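One chain comes next, on its own, written as structure tokens: the form predicted alone.
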Amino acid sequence: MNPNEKYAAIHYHSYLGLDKILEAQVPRSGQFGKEAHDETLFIIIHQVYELWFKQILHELQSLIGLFEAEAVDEKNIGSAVSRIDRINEIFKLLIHQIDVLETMTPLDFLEFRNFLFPASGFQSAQFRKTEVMLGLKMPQRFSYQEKPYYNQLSSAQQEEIKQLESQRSIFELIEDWLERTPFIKCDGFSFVEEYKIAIAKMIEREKQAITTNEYLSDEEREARLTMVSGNGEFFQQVLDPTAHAQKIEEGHVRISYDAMIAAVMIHVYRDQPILQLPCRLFGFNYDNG
């Protein structure tokens, strides 16, 4: 390319490739008689989904690039937070698109549904890629008719999915990053032990407050004490590596014990400047905890 061409004028229409985009809506019902009015809406909704999936995959690939290094450059955490925020906002948009789709009634849909068989959203390769890159891989899936979930995709698309299955997902990479979190145990300080002490004190304060509350009946006092004791037992299990390993084995939990402890510590000390961005990375904020 001529270096001067990059400064040449370009038109909005050609830059966005609008000829290709706006000619890509071809209602199938019109090819077999009268065109169903709402089929254009149906096509556009799903094309927009696919465009947003493309952007999500673009962001996910960049996140993988940031976290796949053994030593993650902390200067990149701000970029990671921004890209995850962007993905979350896109997912919100995708959900709200259902509101537009629901302006089409079931009867409107039936006007052209028979022309679409056997097409299905399950055949979206980009949606499947998004799932895999986020961390939903074969071991976490249910098989359908004893066939892999990507069975309805083309051969080339199946190969892409298999390649992604063999690579590390965002879940795995961030789990590794969490496991390398400093400050968990250093210089005579153990976060887990200090957290256990803090929880024990909190439980004791709550029990004391309930016991000395003269406005509670005996029945109410007993119920609240039972609930507080249950909270204490819950925290004990959460902080017990053996219990955590059991939950992983039973399929109730996926994240490793060390990564979970790191996430808890990041949330507890979220006001510390060094942990504010890592806290935002997991969607924690001061409004929803």
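Note that residue numbering begins at 1 and tracks the sequence as displayed. Computed from a prediction, not measured in an experiment: that's the story for all the values here.
Keep in mind that the form predicted in complex with a small molecule is not shown, yet the notes after this line are about it.
This chain appears without its partner; in the predicted complex, the one residue of Phe115, Phe91, Phe183, Phe122 with a heavy atom within 4.5 Å of the small molecule is Phe122. Taking a 4.5 Å heavy atom cutoff to the small molecule in the predicted complex, the contact residue among Tyr49, Phe67, Phe235, Tyr257 is Tyr49. Taking non-hydrogen atoms only, Arg128 approaches the small molecule to within 4.5 angstroms in the predicted complex. The shortest heavy atom separation between Ala198 and the small molecule in the predicted complex exceeds 4.5 Å. The closest heavy atom approach of Val192 to the small molecule in the predicted complex falls outside 4.5 Å. For Ile203, no non-hydrogen atom is located within 4.5 Å of the small molecule in the predicted complex, even though that partner is not displayed. Each of Ile45, Phe53 and Phe109 comes within 4.5 Å of the small molecule in the predicted complex, counting any heavy atom. You can rule out all but one of 69-77, 175-183, 100-108, 155-163: in the predicted complex, only 100-108 has residues with a heavy atom within 4.5 Å of the small molecule.
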